[in-house]
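Let us start with two forms of the same protein chain, each given on its own as structure tokens and named structure 1 and structure 2.
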Structure 1
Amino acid sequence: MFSEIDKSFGDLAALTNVSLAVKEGEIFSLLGPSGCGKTTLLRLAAGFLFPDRGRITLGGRDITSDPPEKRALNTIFQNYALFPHMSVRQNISFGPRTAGWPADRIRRETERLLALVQLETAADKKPQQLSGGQKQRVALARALILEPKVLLLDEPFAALDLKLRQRMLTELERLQREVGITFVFVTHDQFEAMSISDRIAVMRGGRIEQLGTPKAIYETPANRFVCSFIGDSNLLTGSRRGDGRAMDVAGLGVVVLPTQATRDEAVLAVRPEQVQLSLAAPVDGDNVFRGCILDRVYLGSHTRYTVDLGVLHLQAQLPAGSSLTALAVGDQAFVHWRAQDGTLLPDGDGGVP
């Protein structure tokens, strides 16, 4: 879909040599911090901007220079832009009416979309009478009724509260599976992207840092930036020892690695859920260190601990029901993890957000 895209605004390079292909029928997310270029890429796809270099294709057709109305795409923005003087039914049917569809087709398709987004009982209400979630569903129905090949969504849930956002993610995934249209979803929220995406492109500084499934990106991050941006992680930096199967961490000691380090400086990532806590040193363990509980946060499904190891702090996550969740701030404990539960990052100099 995108091939060697460059886009600058004055001296600011918003996108640099970006290439990626979105598969037909998938939910594809562009994920990254503010200013990474994800919305610029979406606006290029929609035709609201044009690249300085590169090509954009849709279904094999070059649409790089086409205006928005000539592209088989539709866009939903953070501001749903519903017509306040029109009812839900009128908002949904606005596009077909403008396109000159026959009246019977407009009526039939409008009722079908009302049923699809479960708004039949709200069909005659005005936007000001709707909840945030209902407005979002009207915007979705209005975009879908024109049967675009691709639906572009620019952080559509940013204004919703957490519970409603979670519910709308489920609704969005259900709708996509029913209609089978390709969705390209822009978000800075890793939870949103991980929840519904078939694949994710993690972006930073106008470039793609990693592209893959949520599982692949979480379990095998390409660098420190991706590892830190997707979920929480303990990052340990040290000097390679011997054959590279271990490293020295200053002030901590020897840490056993999951694979052989190829650089003199190695960076190991260990997710908090992989770190175990115990009152006594385990008989068998690759990486065992003694520390003091510095902080304890109860989060319902799990409890998050910060353990002071002297030279660094390590986070550990225990599931609800664990007998060790009674550990309190100031208690002594051992942290340990298996070598294979860590991830040796391929670059030791990647930036952290």
Structure 2
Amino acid sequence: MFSEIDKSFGDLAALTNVSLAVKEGEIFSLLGPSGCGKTTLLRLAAGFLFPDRGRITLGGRDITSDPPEKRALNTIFQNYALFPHMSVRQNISFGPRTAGWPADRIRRETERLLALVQLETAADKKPQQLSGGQKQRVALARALILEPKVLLLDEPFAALDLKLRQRMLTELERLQREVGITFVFVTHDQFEAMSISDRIAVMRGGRIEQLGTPKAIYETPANRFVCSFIGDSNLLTGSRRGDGRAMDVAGLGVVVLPTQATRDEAVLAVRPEQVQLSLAAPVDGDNVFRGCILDRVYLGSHTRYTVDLGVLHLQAQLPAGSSLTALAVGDQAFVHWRAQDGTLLPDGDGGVP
């Protein structure tokens, strides 16, 4: 869909050599911190911006220089951008009216979309009279009525509260299954991206850091940035030892690696939920260290501990109901994790933000 895109604003390079192919019918997310270029990429796709270099294609057709009205894709704007002087029904029928569909087809399709997003009773209201969730459904219906090949969604849930956000996510997934349109999401919220996407592109500084399924990105992050942006991670840096199946971590000792390190400097990521805590030294276990509980945060479904290992702190997470939840700040405990639960990051690139 995108190939070798460059885009700069003045001296600021917003995108550098980005190539990306979204598959038909999938839910694809562009995920990254603000300023990473994800919105720029979306606006390039919609046609509100034009690339300095590179091509954008849609279903094999080059649309790089087409204006937005000529592109078979529609956008859900972050603030929904509903036309304030039109009713819900007029908003939804704007596209068909502009395209000059016959009147009875406009009426039929508008009613169908109103039913799809369950807004029949609000059809004659003005956008100002609607709640956030309703506004978003109007925006959806307005975009879907033109049956675009791709629906672009720019942080569509940013303005909604958590409960509504979860409901809209489910609803959106249902809609996507019903209409079978490709969805391209822009979001900075990893949970949103993880829960809905077939594939995710993690972006930073105008580049794609990693592209893959949510599972692949979470379990085998490409670098430190992706690892720390998606979920929490303990990052251990050390120097390779012997055959590369272990590394020396300054002040801590030998850490067994899941795979063979290929370079002298190795970075190991361990998710907090992989780190075990125990009062007595475990009988077996590859990586066992003794430390002192520094902090304890109760989060309902689980409890997060920060363990002081002397030179560094390690995060560990225990599920609710664990027998160890009585551990208090100041207690001595052992931390350990199985070698295969860690992830050796392929490169040391990417400073942690």
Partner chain sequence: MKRRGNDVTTWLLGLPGLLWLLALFVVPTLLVVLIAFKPSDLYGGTQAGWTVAAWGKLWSPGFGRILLRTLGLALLTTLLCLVPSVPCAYFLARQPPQRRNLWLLLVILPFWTSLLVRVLAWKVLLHPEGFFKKVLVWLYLVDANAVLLYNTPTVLLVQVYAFLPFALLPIYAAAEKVDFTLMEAARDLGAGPAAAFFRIFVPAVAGGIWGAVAMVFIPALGSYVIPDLVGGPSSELIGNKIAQRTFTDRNLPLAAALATCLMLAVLPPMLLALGRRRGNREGLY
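No experiment lies behind these values; they were computed from the predicted model shown. Quick note, the numbers are simply positions in structure 1, starting from 1. Here the rigid core means the biggest group of C-alpha atoms that line up within 1.5 Å when the two forms are laid on top of each other.
- Annotation: structure 1 represents the form predicted alone, while structure 2 represents the other form.
- Remark: with the core as the superposition reference, the CA shift of residue 147 between the two structures stays below 2 Å.
- Residue 240: CA moves less than 2 Å between the two structures after rigid-core fitting.
- Comparing the forms between the two structures on their rigid core, the Cα displacement of residue 126 reaches 2 Å or more.
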